[in-house]
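Only one chain is shown below, in structure tokens, and it's the form predicted on its own.
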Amino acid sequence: MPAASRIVSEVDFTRDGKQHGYLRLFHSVHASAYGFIPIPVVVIRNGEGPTALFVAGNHGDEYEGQVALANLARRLDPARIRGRVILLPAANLPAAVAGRRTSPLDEGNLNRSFPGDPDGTVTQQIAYYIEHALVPLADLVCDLHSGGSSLMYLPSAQLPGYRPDGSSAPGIAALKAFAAENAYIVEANQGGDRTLAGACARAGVLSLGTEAGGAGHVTAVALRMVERGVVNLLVHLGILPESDRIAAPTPTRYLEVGGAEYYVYAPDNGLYEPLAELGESVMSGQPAARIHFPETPWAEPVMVPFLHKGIVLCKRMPGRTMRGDCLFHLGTEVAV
């Protein structure tokens, strides 16, 4: 039996209707001896039925999901649903308020902190509560990510923890129901998975995600994809009626993301010049980027190649880069 979380909910997850309030994470500091961090939560319930848990703000500088869930919190009518919807629009609230990937309180990366610790840092306590109090309530968890401040993605839905043995059929069905223009699969992590997807896998709960744009801002295209997908997952679960389903503007293109050769990393510190764009098809050996050295402009730039063929799913946005930064990652088309 896991230890009880120290976080206290202001909402009753078993009560019908629409409730909003906070998860109180008590945090005694110099400026607030008896204070708490108020993590917003919305619960919409109408009788017995499936439960969907939607999470955004896992990384605080990923905004598309935060906007989509705030919109859903206002719009969703309890009378139109069957079952329960739980919304956590700013899961790592300190990071979300600061507009940072990690928390300014403890530098915690929430999506690398599961299963968490009930007596740990602020971020570890949030991870523990989500894994041990919220995930077990859900039939499906959707973790809404984007590229944050440093990356831009081709707006995509994502199925983590894919297994090619056929056991991922429910996940594939949900991925198809999401109706994104692009969707990709990532094979199951054989080691310890410290992400929210890993928490869901440990609980035997189906999880989906997104990589919906990024670059520290919200685009209309990415937001439309997220809002369409959220509604379609509720239809897929039977929480919303079939009449609410929203068709994708184009058929979904399915991709897979493989191993290290799918990624391009900066080999040196400098100024990065991208030589490919999002959505572009590239070949192994094709130049991906040049790293320039403005401090020594007479030095030849370093050419960085792609190591695999595929479609550019993600690219780095800031021009200044350091050795080890991810510049691109690819996906290859696959039938599902």
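On a predicted model such as this, the values are computed, not experimentally measured, just so you know. Each residue number is its position in the shown sequence, starting from 1.
The form predicted in complex with a further copy of the same chain is left out here; the points below concern that form.
Put simply, of L151, L255, V135, I86 only one has a heavy atom within 4.5 Å of a further copy of the same chain in the predicted bound form, and it is L151. The stretch from 89-97, 164-172, 126-134, 235-243 that comes within 4.5 Å of a further copy of the same chain in the predicted bound form, counting heavy atoms only, is 89-97. Although the partner is absent here, G310 lies well away from a further copy of the same chain in the predicted bound form, with no heavy atom inside 4.5 Å. Taking the partner from the other structure, a further copy of the same chain in the predicted bound form has no heavy atom within 4.5 Å of any heavy atom of L53. Interface residue remark: V282 is not counted as part of the site for a further copy of the same chain in the predicted bound form, having no heavy atom within 4.5 Å.
D143 falls outside the set of residues with a heavy atom inside 4.5 Å of a further copy of the same chain in the predicted bound form. In sequence order, P294, E295, T296, P297, W298, A299, E300, P301, C314, R316, M317, P318, G319, R320, R323, G324 are the residues of 293-324 having a heavy atom within 4.5 Å of a further copy of the same chain in the predicted bound form; the partner itself is omitted from this view.
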